[in-house]
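Have a look below at one chain only, the form predicted on its own, in structure tokens format.
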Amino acid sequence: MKLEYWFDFASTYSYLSTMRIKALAEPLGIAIEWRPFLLGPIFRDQGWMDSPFNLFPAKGRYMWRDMERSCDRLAIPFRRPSQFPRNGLLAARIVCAHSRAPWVPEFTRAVFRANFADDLDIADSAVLAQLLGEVTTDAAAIIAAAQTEESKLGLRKQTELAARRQIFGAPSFIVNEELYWGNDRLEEALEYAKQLR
């Protein structure tokens, strides 16, 4: 049984799920499909030109405090990024093009840590090359390939697929076409996957 994990590198709550999902899924024998996509086009279809956490200040204030509490409770390092949301386009293209590569989970966690714990610019190819260099020997080739038209189209198609499957936010989890949205639904999605095994 597999769980599709849909995430955006700029998403705060995707950070929490990314840092938790391996430890929760592995003991259950549930495989994870890593599915990066872009929230920007999804939000634009809803009439938003920015993150709702920026558009609605009260919601944004709550989210940042909630992130502090959640990360503290889960012992996940957290530093509020000096820029939000950051551009995760290149990182998403990399993962989209290599979703089955064994280094993808570790690289994905490293990108999220860079953004939400180290306050690094994850749009910077040098930052991503360094993170790739820690998990694979092909960093330069992977960065170059991620900037081709083929990689751009791959992520665009994946984002369009997310919209067709009624995904409206991140993180989202799909098990047997059942959609679960939000970090707080990760355990429920995994429990459903366990029942279907």
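The first residue of the shown sequence is 1; numbering continues from there. Keep in mind the model is a prediction, meaning the values are calculated, not measured.
Quick note: we don't show the form predicted together with a further copy of the same chain, though the next part is all about it.
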| item | value |
| --- | --- |
| Answer range among 53-61, 124-132, 138-146, 29-37 for contact with a further copy of the same chain, defined in the model of the complex as heavy atoms within 4.5 Å | 53-61 |
| 4.5 angstroms heavy atom contact with a further copy of the same chain in the model of the complex for Arg69 | yes |
| Lys157 within 4.5 Å of a further copy of the same chain in the model of the complex, heavy atoms | no |
| Heavy atom of Lys152 within 4.5 Å of a further copy of the same chain in the model of the complex | no |
| Non-hydrogen atom contact Arg44 with a further copy of the same chain in the model of the complex at 4.5 angstroms | no |
| Contacts with a further copy of the same chain in the model of the complex - residues in 174-197 whose heavy atoms fall within 4.5 Å | Glu178, Leu179, Tyr180, Trp181, Asp184, Arg185, Glu188 |
